[in-house]
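Next up: a single chain in structure tokens, the form predicted alone.
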């Protein structure tokens, strides 16, 4: 059985590898986990001995098949619990991440499978992230940052790049929620801020916000 810390390492390595599509840099991993490089190196050597990843000094780290399978299982549990907390217990989407990080380490596969069935086998969590199925398969979603769209283009908001509490609260405050339609009205040359339209209401958002909103454009 792996420790919570070991599971967190596998999860973060997987997430970083999905972003870069390359071997994960250990300095980047240390920054993501808010720890020092020597501690990261020690843990990676430990996980390599357990045959969960390949680590080469100065080159980085890459999960093997077993390590990736475990990481996807943790992510599955995390996103199922977030869905349960929002859909069944009426938590706000900015309240569930920390709680799900505690629940994701529960070891019972039976509980996870029954939770999945109870929720109706959801494919997306409340933040628009895909939920791996029991076999570790993940639905690939074609998504475009809002900032990459052009004037007069319209799309459906399907997910966020940043799921920080403050950002999610900002979106809720401005009635920007998963599934809403967003249309770009204009783009300011000076600072690349955008004027958008949601439900016939128009307001401005910054470039940073637009880069963190994932859209489905048909």
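Residue numbers count along the first chain shown, from 1. Nothing here was measured: the structure is a model prediction, and the numbers come from that model.
Below, we turn to the form predicted together with a further copy of the same chain, even though it does not appear here.
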query: Stretch in contact, per heavy atom within 4.5 angstroms of a further copy of the same chain in the predicted complex, of 121-129, 67-75, 85-93, 144-152; finding: 85-93
query: Partner contact for residue 133 in the predicted complex: a further copy of the same chain, 4.5 angstroms, heavy atom; finding: no
query: Interface membership of residue 108, a further copy of the same chain in the predicted complex, 4.5 Å heavy atom rule; finding: yes
query: 4.5 Å heavy atom contact, residue 99 to a further copy of the same chain in the predicted complex; finding: yes
query: Interface residues of 44-82 toward a further copy of the same chain, as seen in the predicted complex [heavy atoms, 4.5 Å]; finding: 81
